[in-house]
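Quick setup: one chain, the form predicted alone, written in structure tokens, and binding and motion questions come after.
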């Protein structure tokens, strides 16, 4: 049976577990996140499909189960797994997407190298995704494509199935034309995205950057520009925009541009906070801290995340404020994004070296200033640390959104705790009550963390209440509704809005 909604996303929507020699498909360990929200749409259509890739030793093996049927709490849907060889995965994902595109999307031109990129393989994999989506989609169905590693899917899909409604959501930043146009394949990418009916980004800045890139290479027409909503115009952010283009014209077609910030599942986080075991964990953390204040930083080991700059700022804090020695502790969680990539391994080595230096210089038998954690922490445990921390210190140099800051606010049902947030995180345009910081400035970094530590309780609570209200308003369901609403009178949009 053809599908009314096809979601194209590189990750499979479940975990594969081998039990007694048989593969079982289980829900993702954490129900918090984008995948469960995307799957929730399948309950609103007669038939849904999900397209993902799966590494296969031999893609031509007839025993490879390419299409499977899933029945879970979200409904009945088909999952098409595209069999990719290890070489294809390395080329398409690790080299092209992570080593070539990632630095450009985040503004790090000096880290860009397109020499290793195998563009024909990138095209080949994107074509396979498009073919699979075209085969699954019913007449006039909605196909929702996700993220930059599938840039070429919309263009191929429009050629294969002109009848489809195609939406694309960009989960990373989108740079301005001067940076984006470093990519040799820039025109091909832009033409593919302009084959969509809807192109979504987190914030208005990324929308306007996309428009600037499109204008630089293609004959596009601005059909509509609107004032940015108050929820997306925090004046403290370096990423603020006053107006945003919402509709483009290209080759006789209209393309809707949507700024929809991805949120978090606030209901689930609040449910975790309310558990007795969470309260017990929080009590143990606070007992261990004693009189010391806890600074919490959580992110991936990536040069975009500003981990080195943060540890350097913490070292300066301990040097200039002797009164804080023994009174503050930084828990810096930095989990490797990909252990096989040299760039990330180098960052990890620098973090370990710097943390060791600071602990050696200032640590005592009773107190270690930094706890550097490089392994994943269960989400339930992380929520307890959110609840116990005095300050969440999140200072990326560039970040499409940053969901950690939203998780932190959602967990603070006590309306306490301070969020220190980089101006260059997409979430900064929403969270106007956060303490802003510029990670490129020593003065700004050092001043912000000291300001946060010295905030009186009344101001802490006022800021946190405002941040919590925004996180609750623009949660993960808001994002999904807003994206689907851009299609207008589709069945999915009407059903979702009416729920």
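Numbering follows the first chain given and starts at 1. Treat the numbers as computed from the prediction; the structure is a model and nothing was measured.
There is also a form predicted in complex with GDP-alpha-D-glucose; it is not shown, and the following applies to it.
**Q** Which of these stretches, 136 to 144, 107 to 115, 86 to 94, 401 to 409, has heavy atoms within 4.5 Å of GDP-alpha-D-glucose in the predicted complex?
**A** Only one stretch passes the 4.5 Å heavy-atom test: 401 to 409.
**Q** Consider the chain as shown here, without its partner, and state which of 218, 377, 292, 371 has a heavy atom within 4.5 Å of GDP-alpha-D-glucose in the predicted complex.
**A** Exactly one residue meets the criterion: 377.
**Q** Given that GDP-alpha-D-glucose is left out here, which of 303, 102, 185, 74 has a heavy atom within 4.5 Å of it in the predicted complex?
**A** By the 4.5 Å criterion, the partner-contacting residue is 102.
**Q** Residue 386: heavy atom within 4.5 Å of GDP-alpha-D-glucose in the predicted complex?
**A** Yes, residue 386 is a contact residue.
**Q** Applying a 4.5 Å heavy atom distance criterion, does residue 171 contact GDP-alpha-D-glucose in the predicted complex?
**A** Yes.
**Q** Please tell me whether any heavy atom belonging to residue 238 falls inside 4.5 Å of a heavy atom of GDP-alpha-D-glucose, as the geometry stands in the predicted complex.
**A** No - in the predicted complex, heavy atoms of residue 238 and GDP-alpha-D-glucose never come within 4.5 Å of each other.
**Q** So in the predicted complex, does any heavy atom of residue 259 sit within 4.5 Å of GDP-alpha-D-glucose?
**A** Contact check for residue 259: no, nothing within 4.5 Å of GDP-alpha-D-glucose in the predicted complex.
**Q** If the criterion is a non-hydrogen atom within 4.5 angstroms, does every one of 298, 335 and 382 touch GDP-alpha-D-glucose in the predicted complex?
**A** Every residue of the candidate spot has a heavy atom within 4.5 Å of GDP-alpha-D-glucose in the predicted complex.
**Q** For the stretch 199 to 221, I need every residue with any heavy atom inside 4.5 Å of GDP-alpha-D-glucose in the predicted complex, listed N to C.
**A** If the 4.5 Å heavy-atom criterion is applied to GDP-alpha-D-glucose in the predicted complex, 199 to 221 yields only 202.
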